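Have a look below at one chain only, the form predicted on its own, in structure tokens format.
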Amino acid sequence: MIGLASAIAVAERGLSVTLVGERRPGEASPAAAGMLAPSVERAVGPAYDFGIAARDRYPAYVELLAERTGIRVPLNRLGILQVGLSEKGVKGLKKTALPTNRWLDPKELRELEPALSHAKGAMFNPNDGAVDNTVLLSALRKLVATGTRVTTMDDAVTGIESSESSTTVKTSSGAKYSARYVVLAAGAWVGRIPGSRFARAVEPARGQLVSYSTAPLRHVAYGPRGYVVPRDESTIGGSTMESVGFDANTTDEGIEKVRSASEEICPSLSLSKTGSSWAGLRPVTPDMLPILGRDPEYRSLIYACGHSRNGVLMAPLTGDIIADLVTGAPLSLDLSQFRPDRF
């Protein structure tokens, strides 16, 4: 998703782009639940401001995609509920609340979401929500496929060699591509590409998810151990964070944990049929923040990776930033917390 959004944004500035990559089992973009939750999965400093700006970029972005592709990406900005299920939990939520948050007592919560009537209240995070990432991916792919400035090559990158003036990409087919700028956006696998020196900080973290056949909630809801995301007539429950390398298989234990956490938030889900289950590999960094910016030595190499739990949230805005870096446009946001050489 980061690569597609970046390619589209650069092409929109009038440049030609070659998009090189291959699909792999466990990719995070199609596996995600699509949450836009910068107020909940909260960073500090400029990184927090970036997350809020990324969330607020979405309404205009999905409108653009609808105009260009005819695909309307479902966007839920009703807000996110952090559900309090114990007195300790309620105290913690109130202690860490933002000025923009509002506490809902049990009566208010019950009126808003009857399926959460068992809770002791909830912290309401306005403007957060979720996007249907699977539809978003379809729209991005269609826009790339129908555009004239992006060429897509289905090939595996096996190495990169950088200089100040250009970077060369080698692939498994034996092809070589040289460009004035190369953007690294290879998800959980980015650190395994020889030559991507600062991307070695990125490691895969498996997240397992389940779907339920009903949608008793309208709002995304977080609990003590997971989250639930309403989507059309179904609900997605997630998620684990497991350090298992590149193993993208689900496990009975992991799925049971996800179901337990989801049904703790919304007990009526236990009466629903469980549909599919799957896993994705998040590209995580030690501080859970992305690696975004130029290589300090090789200015032709630009990093756009390691978005950890917020790849869907940050994809459109990351594309804008990459286009700014490539074209030399002034940056509107502080990227200091994302610098590639911080680890």
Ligand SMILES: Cc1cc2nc3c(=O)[nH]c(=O)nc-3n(C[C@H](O)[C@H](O)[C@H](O)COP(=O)(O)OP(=O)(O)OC[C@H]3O[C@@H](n4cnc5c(N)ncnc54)[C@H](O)[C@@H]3O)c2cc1C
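Just so it is clear, the model here is predicted, and its values are computed rather than measured. Sequential numbering from 1, following the sequence displayed.
Just so you know, the form predicted together with the named molecule exists too; it's not on screen, but the next bit is about it.
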Work out which of L98, A156, I71, V244 lies within 4.5 Å of the named molecule in the predicted complex, going by heavy atoms.
A156
Taking the named molecule as it sits in the predicted complex, is Y212 near enough to touch it, meaning that at least one heavy atom pair lies within 4.5 angstroms?
no
Is it the case that S239, even though its partner is missing from this view, gets within 4.5 Å of the named molecule in the predicted complex, heavy atoms only?
yes
Give a yes or no for S29: in the predicted complex, does one of its heavy atoms lie within 4.5 Å of a heavy atom belonging to the named molecule?
yes
Answer yes if any heavy atom of P316 is within 4.5 Å of a heavy atom of the named molecule in the predicted complex; otherwise answer no.
no
Are I8, V182 and P340 jointly within 4.5 Å of the named molecule in the predicted complex, each by at least one heavy atom?
no
Exactly one listed stretch (160 to 168, 115 to 123, 83 to 91, 189 to 197) reaches within 4.5 angstroms of the named molecule in the predicted complex by non-hydrogen atoms, and it is 189 to 197
Counting only heavy atoms, which residues in 264 to 291 are within 4.5 Å of the named molecule in the predicted complex?
G280, L281, R282, P283
